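Just one chain follows, in the form predicted on its own, and it is written as structure tokens.
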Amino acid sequence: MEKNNQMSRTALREEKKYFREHKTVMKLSGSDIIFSILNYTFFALFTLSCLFPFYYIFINTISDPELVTKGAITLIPRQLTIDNYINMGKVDDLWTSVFITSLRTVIGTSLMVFTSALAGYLVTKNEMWNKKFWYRFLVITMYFNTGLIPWYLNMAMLGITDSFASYIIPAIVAPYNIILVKTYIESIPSEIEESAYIDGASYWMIFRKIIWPLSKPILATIAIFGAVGHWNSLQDSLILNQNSPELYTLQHRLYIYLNQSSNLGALVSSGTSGADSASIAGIINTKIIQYTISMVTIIPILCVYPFMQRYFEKGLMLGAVKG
């Protein structure tokens, strides 16, 4: 055994030595160099254009409110302060919206991931009754949308309007995510599952002990999709829970402040008598609040995504290999 290991190490050293001696350096032509420069320049500018809006909002939230109102903050923050974030606690119902949004993100994403994994595993089984029909039926739902009014009437008939369930139930089943999970599970060697089945494991045990752990990359991928969707969702709160302010999401609350800012600005610019000092003060406060709440809605996703990125890339690529 020791002799075999020594021979293997010797062969490995010889192989490395060969590649070092025969290593070639690829020379780039002038056109290749110009293309590389233009390519890197374009993507650098594109990246900056994507990051600048977030940077602009952030420097406005940590600068003096009077300077922000005057539009004096462009590239560098001035008179640094964190009072804007401290004063957020004084905004009506803001923390209730943060709690509702966080709760729906955690519960909704967890249920969506579990149902997607279970349904994706189910449609890979040949023993499933009328498998092709149900899978095609699932895919068809991705291409047909009844529209906003039928959707609202359906939610109303189900009795989930003006309730927290309106955030959870419609998003439990996601056909696209189920397809991603199904494709990924089919890439797992079938011999693993067959050996467990021969040893007497049930489908549920195979799913819980084998399929679920091996599917973590794709599950992390769809978890990001679900979490971002729930966190940024506005339409269901705006339409289904319009009569329940205690259920407003963070995006809905931001939408309200954006409207208040626009309405007060139009009032001042029209020169009507109602545009008194109180209204002007409201514009200042609302503008600062909308910037700060915008950062609050962005920061959690920016903090979570880097930790999930490696799973996201691996899961998305492997889940899209086969159709």
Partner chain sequence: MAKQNNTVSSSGTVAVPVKNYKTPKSASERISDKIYWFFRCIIVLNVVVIFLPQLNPARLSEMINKNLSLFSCGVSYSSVIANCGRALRMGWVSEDNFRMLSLFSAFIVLGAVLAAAGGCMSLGNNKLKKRGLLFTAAGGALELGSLFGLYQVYLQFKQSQRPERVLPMLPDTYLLFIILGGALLLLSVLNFILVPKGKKGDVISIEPKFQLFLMMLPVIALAFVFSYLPLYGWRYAFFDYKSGETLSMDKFIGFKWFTSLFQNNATKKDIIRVMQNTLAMSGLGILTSWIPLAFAVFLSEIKNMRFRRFVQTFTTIPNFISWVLVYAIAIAIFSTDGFINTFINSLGGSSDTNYLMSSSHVWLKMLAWGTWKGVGWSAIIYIAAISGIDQNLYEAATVDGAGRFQKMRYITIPDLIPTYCVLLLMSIANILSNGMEQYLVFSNAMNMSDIQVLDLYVYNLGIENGLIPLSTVIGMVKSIISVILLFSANGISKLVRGESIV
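Numbering follows the first chain given and starts at 1. In this text, the rigid core denotes the largest set of C-alpha atoms whose superposition between the two forms falls within 1.5 Å. Predicted model only: the values in this text are computed from it and were never measured.
If you look for the form predicted together with the partner chain, you will not find it shown, but the lines that follow are about it.
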{"item": "One residue of 244, 87, 145, 81 in contact with the partner chain, assessed in the predicted complex (non-hydrogen atom, 4.5 angstroms)", "value": "145"}
{"item": "Contact residue in the predicted complex, chosen from 98, 220, 210, 123 - any heavy atom within 4.5 Å of the partner chain", "value": "123"}
{"item": "Contact of residue 203 with the partner chain in the predicted complex (heavy atom, 4.5 Å)", "value": "yes"}
{"item": "Touches the partner chain in the predicted complex: residue 32 (any heavy atom, 4.5 Å)", "value": "yes"}
{"item": "Contact flag, residue 94 vs the partner chain in the predicted complex, heavy atom cut 4.5 Å", "value": "no"}
{"item": "In the predicted complex, residue 301 touching the partner chain (heavy atom, 4.5 Å)", "value": "yes"}
{"item": "Neighbours of the partner chain in the predicted complex among 141-156 [non-hydrogen atom within 4.5 angstroms]", "value": "141, 143, 144, 145, 146, 147, 148, 149, 150, 151, 152, 153, 154, 155"}
{"item": "Residue shift check between the shown form and the other one, rigid core fit, residue 200 Cα at least 2 Å", "value": "no"}
{"item": "Threshold 2 Å Cα movement between the shown form and the other one for residue 72, core superposed", "value": "yes"}
